[in-house]
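One chain is shown next in structure tokens, namely the form predicted on its own.
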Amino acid sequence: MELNSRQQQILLAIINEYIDTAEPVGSRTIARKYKLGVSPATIRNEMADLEEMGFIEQPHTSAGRIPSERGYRYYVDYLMQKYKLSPEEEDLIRQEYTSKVRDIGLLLQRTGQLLSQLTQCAAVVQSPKIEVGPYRHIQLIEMGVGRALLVLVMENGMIQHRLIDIPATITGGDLATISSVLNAKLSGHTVETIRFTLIKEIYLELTRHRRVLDLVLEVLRSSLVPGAEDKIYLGGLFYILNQPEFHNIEKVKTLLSLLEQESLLASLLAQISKPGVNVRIGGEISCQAIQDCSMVIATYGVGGQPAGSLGVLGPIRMDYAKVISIVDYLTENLSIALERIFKGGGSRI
């Protein structure tokens, strides 16, 4: 249903005021603060029409109006103006992602902390699902007595490396020989396509270096298995407790118990229907027990491919413009940081 210009202005004023105050909004407040050029009586008439159309509602008799879920959806789709992050907010995000973090788990935890801190909502971050693809090149490099660097270059351009302990008697020449055999046997293979017979051939050719082979193959099996089990990082739940909508202790207990279920969080993050930032308002969330909340979700990627999702969970009365901009900016910077890790810095999930 199309709203006329005045109705849009009044709905926008009600939503902005309610986001700021969490109090029902009256016609006199709108007339005084928003200078729409019409009387409180005219505003009341328009508010009555907006209520009849389902864009606002009256929580109790003699109160002002508050936005309905339909009103918030109209606001997000048609009225909301883009929020520009402050220089301080952009600097905080950039500094976090330009730091020398090489641990993916730590990077995701920091992302969750930033999300909750900047949005004042609970943050949910899903670990990346990385399809490592076939091996292109495998190299063992001497790093001093008893240490070697295992470098793996994948067909998709991803580079990963691990420091491993090796017998002190192993020389640089030995590592070059091992690397040559591994490349000849494993190039073009993925973890799943390496068969026992192929492993047996490698051990037969490198009988003298079984200990090193054990270490290398363990790294291939454990650290680089594609499709590893999802991890969900949840943070900032105390921000929910500070919202007036969640002062009901029983409601909070129910919500917190649900948010402890990783499978539920993963399903909530999967509610992405289009590229970019997705907004789920109240009843649009599939889990009925969380329909007093809204979620803002986005997908981050590595190498141009989707890798995982992140989002925030907060009251339906959240500041959508600000939250959407922060989620969008964080998603972009997380993707760049992960690209840097996978293309040259190694990782530990």
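From 1 onward, residues are counted along the sequence shown. As the structure is a prediction and not an experimental result, all values here were calculated from the model.
The form predicted together with the DNA exists for this protein as well; it is not shown, and the discussion that follows is about that form.
J.: Just one of L334, I10, V327, V25 has a heavy atom within 4.5 angstroms of the DNA in the predicted bound form, so which one?
T.: Only one listed residue qualifies here, and that residue is V25.
J.: T29: heavy atom within 4.5 Å of the DNA in the predicted bound form?
T.: T29: contacts the DNA in the predicted bound form.
J.: G37: heavy atom within 4.5 Å of the DNA in the predicted bound form?
T.: G37: yes, in contact with the DNA in the predicted bound form.
J.: When the contact criterion is heavy atoms within 4.5 Å, does G64 count as touching the DNA in the predicted bound form?
T.: It does: once the DNA is placed as it appears in the predicted bound form, G64 has a heavy atom within 4.5 Å of it.
J.: Would you check, heavy atoms only and a 4.5 Å threshold, whether M47 touches the DNA in the predicted bound form?
T.: M47: contacts the DNA in the predicted bound form.
J.: Pick the stretch from 39-47, 282-290, 313-321, 298-306 whose residues have a heavy atom within 4.5 Å of the DNA in the predicted bound form.
T.: Going through the listed ranges, the match is 39-47.
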